[in-house]
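Each of the two blocks below gives one form of the same protein chain as structure tokens; they are labelled structure 1 and structure 2.
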Structure 1
């Protein structure tokens, strides 16, 4: 007896689910950084080339496989070839690692969101020290936004070896984040299908509001000019192309099994080619759109800091030389400095070491990515805007939507194979399976709420998914083209959707994309090998800045385990299937 597969209520829900999954935090906090590092406007060239050559074909491949096989990742790859069930299992393992650590970002977003309802914003002022004569020392050395992030939110320890205790405030937020995710995946496509309307559309509303606000901020044009001025010499830099390829690859969320899971709930006649192109185009344009917003905010922050720096210098000179208040302005500063240097050389040379060299370019050149961008740089810009509470609430709400949208895809990648498997679904109802997965992930996620939690987060973020995904997608492409047979897949697709397969897709799947992935893989491996020991950034509370430290051996072991456990699934399952088949053939005579 076959139970019918749940379906999306309409194709729009499927597209929104894919968009909601693909458009995530990486579009907001990684792409602007890459753009800044690799030549501004000229980075768009390798980015768009990689989109067309790598992003669209691989996305189409995953969606087509899911829609054709109508099962989660494990079942789908088992159907393609019995020896390749390990690919699906590897996807599930990687998704499991991802969902373990990704939700802590949502917990942090909740934390900042709840703290945005105060006046003044808690990260805009330093707390006082014990005898109320000045500000807290750590906060003075760093900045108030850094202090709030490292001390109040994370309560970070000086190194990964000092684990500390579980912080109950982030832990509560983590529990809430998992409850929200559970609420959304509880009923499968029925609940997920409704939620993705919000998680897909609301971030765009906020981004548009921020775009309007950002472009009208004082100094925004500085940031935009800085970003979009193309530095064409970067086109010759291989790192720019490699990073473009990597960004496209990870931004679309290939290889996790989420796309296969989503597509498996489609009607077989669904036009997934059109959807693949739409989703990848929307994903990339969102990245570019988000970087316009980010750079106008950068420009505002840099201009603000530059002008504060100038004002400090002006105040210093005015006080030291008892000049008339208001006489020194930004425009006559250089002239007056020259005049003072010549008229009072002795006094001037005393004051000189205290004067900072204010440079707008230096402020703009501080490139930040990841949690640092969202929780430190953006909050610094927000605290200087008018009605900062409103902007703060909007921003963290958008981060939440992006993060939860991606979490839905991740949990779908884990839940779909579980609910597909007869063994599990016959014993437990769907709600219980989802609840169990969320509970296990939540408990493990409490590790990231410890004082050293952020260091473990960085480990997972950098190593849990990168190498494994490249290998998984490579095996996927080779499996579909050469093991299953490209012609067979083509005729399947034609029968299913009624449309033929363009030669472009065939050329990409069979040749170009696997080559690209192999070169990315080789680059990553050589990078790891060449850098020698792996290092991380630790927060030093006494200096108020980040310092580089080496990972202890057990952390390196965890990294190795993370990478190995997902990659090893592929050969191990293949070997296991081979052995069981040999045994079966040995026990019984071969079937006719």
Structure 2
């Protein structure tokens, strides 16, 4: 007798699992960057439009497929058509790539969390040099936060060709991160269903605390004014719309197979349409909410740096021209500078090269995303706060919850098809399958703890999923609407949930969303072609800054393999199925 499928204890567990998976680091470190780059408040217009025409419909499609087929991604698409098993396999491959590198972010969060209990924070000051005669030269040229990230955390090599060795401290943190993930997925929905309450809710608690603190910081209003002041000319910028569509697409985690896996554990009568709308709205609201928190911190950091810059200029001019202490202030600085330049032109020209050009707008316009935002910009702001250890612990604890929540979805996308497979599950218990997946990912993930590991992290982050996911979701929508049949799928949903599809969902699935995905696919493909030789940012210890370098041929080959290995699953499995069927037909004996 076939074993019954495990179910979520209640619909709330499912919703929390989806929220925990979808609301991740991208909401905290990419959406604010896009707001900064593409017009502040005006970026919300393309973002909300893309949510309606792309995000909600595609999320509902994946949840409905998982709930209807009651299998992981491979089994679900095989049920729709035997030729589509490659779609599910491609999702599993992409999720495997993502799991390999994504958990290193949790390892870095653990590393920073452990160091957050020190007083002072280790990234707040530059260390002394070997002779104890001054500060470390690399740190002085960069900053204390950059030095701690690039030298103490990553111990980064000067290029991707210099592999270096495994750094044992980040490696131990990676093992710890995978151990936590394993304990969370050990018993499938039984363990994951309990963990998601924490991974979904705790980040909001920390964000609310940070919002209250952020709004009380000096200069926070400067950051919020910068965010909410719309630059309407950006609405005519195609890149603003493309990035809005991309952010919605990847933020919801479409195409990985995680949402199909989660929905497969639902009761067939579950209202997945309502849940798709709820998860989409919560995910987008969280991005906007996190941006308010981030820009209040941005404002504090920018104002702090701006005022520090002014104070250095004031001190320089006061000492150089023997001015009375307190005479020079921020309000009369420009006027006095003009007077000194006209009265003492020779002396002023000598001092001029030492004077920095202080600009609050320039500080606010410095756009940073990804690890640079989380581990450099935020730590720069945190070190200047009162009781900085507390804010550091809270921040990196929140990053951990967001990262682990996303990892639960990534591993579910791999584990569900494996546990659904009779070949695998008949030989190994669920706990052993989970353990093997985590162990293999952890061992391969040690590559990212090497001195060149951050460069490989960037390769995986930039190329492992982008084109592959667009193609996967495009095939998914075509498969449901034109292979399985939209009317047939509609009648299945009505029989299952008692609710039919209205015109909006049908129009989005059958026309608007696929056309949008094709447009994104063409844009990314042409962007890669027009870029020419792919480049990366390498850390130059002598200059204390990032420099641009070309990827070596073997790195380009890895990029090509990352893209091709998942995409090629779709045509190869279809071809294999076709050949197998032809051979079986040929072996069938003629009727007597």
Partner chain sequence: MPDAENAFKVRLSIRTALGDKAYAWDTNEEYLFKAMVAFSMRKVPNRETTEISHVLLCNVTQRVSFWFVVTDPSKNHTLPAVEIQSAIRMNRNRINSAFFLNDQTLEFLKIPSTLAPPTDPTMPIWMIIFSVIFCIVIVAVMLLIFSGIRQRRRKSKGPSEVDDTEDKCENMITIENGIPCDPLDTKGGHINDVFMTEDERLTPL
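Positions refer to the first chain, counted from 1. For the two forms, the rigid core is made up of the largest set of C-alpha atoms that agree within 1.5 Å on superposition. Quick caveat, the model's predicted, so the values are computed rather than measured.
- It is structure 2 that shows the chain in the form predicted alone.
- Fitting the two forms on the rigid core leaves the C-alpha of residue 498 displaced by under 2 angstroms between structure 1 and structure 2.
- Here residue 346 counts as shifted, since its C-alpha moves by at least 2 Å between structure 1 and structure 2 after the core is aligned.
- Core-superposed comparison between structure 1 and structure 2: the C-alpha position of residue 269 differs by less than 2 Å.
- Note on residue 334: its Cα is shifted 2.4 Å between structure 1 and structure 2, core used for superposition.
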